[in-house]
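Take a look at this single chain, the form predicted alone, given in structure tokens.
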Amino acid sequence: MAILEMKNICKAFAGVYANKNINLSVEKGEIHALLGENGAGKTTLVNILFGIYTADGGEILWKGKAAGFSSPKEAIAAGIGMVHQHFSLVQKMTVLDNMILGTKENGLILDRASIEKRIVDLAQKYGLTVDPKARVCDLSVGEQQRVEILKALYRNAELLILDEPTGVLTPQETAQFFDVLRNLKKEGYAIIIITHRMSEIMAISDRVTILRDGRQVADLITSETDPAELSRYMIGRDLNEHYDITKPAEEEDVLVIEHVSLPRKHKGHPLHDISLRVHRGEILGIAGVEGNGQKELAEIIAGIQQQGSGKIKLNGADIGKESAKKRYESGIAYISDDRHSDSLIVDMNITENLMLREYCHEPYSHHRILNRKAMVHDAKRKMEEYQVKASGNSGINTKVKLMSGGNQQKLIIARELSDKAKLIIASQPTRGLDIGATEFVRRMLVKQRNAGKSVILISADLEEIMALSDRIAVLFGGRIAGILDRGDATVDRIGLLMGGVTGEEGRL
């Protein structure tokens, strides 16, 4: 018997259906994958289940009884836990305090020792080790994800909803995480996993429900399907994963980093003695376990952080003391790994976000007066060129917060890949994107490379790194563990360097 049944669920925004007559059933001890492009309606569907949205039509049965949760609090109390793609943790609080936030612990005095023991026991049982006394802001993204899952288990969830749970994990961490899910499955937990990675669906799920444009197009048993069929249902065509990487990179250095380090007071892994060269017409991949200095490296190059020592040269000119704005004017574009915090103003519309870099230049302004006609014309052109889709009929006036994650990412890329860009820093550019959007973003980066521009690709996806990179540098503990040429790179060799195992094969 299904623990959850969602029947003929409908939800519309501004007259446009995000879900139309969706049916979903999940049984105890089942891992059910929810697949679809960004904007297909997956998150809307689980948000209805979790009480964030109210369905316009349809019925929800929870443990055989009619249910309609009006808030996440009601869903949690009923035994449903959800780990969002963007975590909902209080960064300055400890793991323990995040666990109990909003709960009613017995007794007049909070027994922190017993709560800590329960958290440790849960963590050990499911392989989700984390320090209850650690502050969340000091944890890696992968560790924060563990806290989110533990928080749901601590609150006695019987159904776990996981939205893109492996987007922040290395291949090794993903394998460990899947072991956790298998243990939960054996214990009788029901799991809904939203993911865009075909290999993960085939490896971990029992059944797959596929959505496209807000409608349910297939419900399949995983063992009876394959990635090609899933792709056809999901995007309506076969996926082409061949990337036309033409002529070899030039020898000319566009970016030279010499012995760059972060100040010792910097938290986490301070970058130490980083030396790199990026050639014209090259994609340099940066691999490493999350939190080993990738973000710091990207921000130092982009000018968001200042190095403590060393030199950074762009086309032979020292830019180490230049501002982020001046570096952009010199040709450095930055696609951040955190689109909400670093790249977009979500309460502004598409046109305004596309103009964040160029609003002060001709033809978009003249004598400090904005030329909105030129801005609108440029926004329409970029939306078409980069296949950016907006909700409803608002078009370029759509607020960014109403767009899917994939379309938000395309919006950032449309802004950053300007004619001015000579060096593109792309940090986790396909994180959380569906296979169609991922294919598009990768092709755009290869197009820049083939046009003679330089790309620094920072990605936790080793398949992506290996498919697109001319050379691969591996970061471990804030240092370069090794640099491999495309032809010499294997998953095993990169994996060893990511774990800090260096040998002659990983040295410069």
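We number the residues from 1 along the sequence you see. Just so it is clear, the model here is predicted, and its values are computed rather than measured.
Separately, the form predicted in complex with a small molecule exists; it is not shown, and the next lines address it.
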Can you say which of 250-258, 397-405, 310-318, 120-128 gets within 4.5 Å of the small molecule in the model of the complex, counting heavy atoms only? 397-405
Would you classify His196 as touching the small molecule in the model of the complex, given a 4.5 Å non-hydrogen atom cut-off? yes
Heavy atoms within 4.5 Å of the small molecule in the model of the complex: does Lys42 have any? yes
Heavy atom of Ala390 within 4.5 Å of the small molecule in the model of the complex: yes
Are any of the heavy atoms in Glu200 no more than 4.5 Å from a heavy atom of the small molecule in the model of the complex? no
Residue (of Tyr53, Trp62, Phe440, Phe476) lying close to the small molecule in the model of the complex, criterion heavy atoms within 4.5 Å: Tyr53
Could you check which residue among Glu322, Glu173, Glu290, Glu164 gets a heavy atom within 4.5 Å of the small molecule in the model of the complex? Glu164
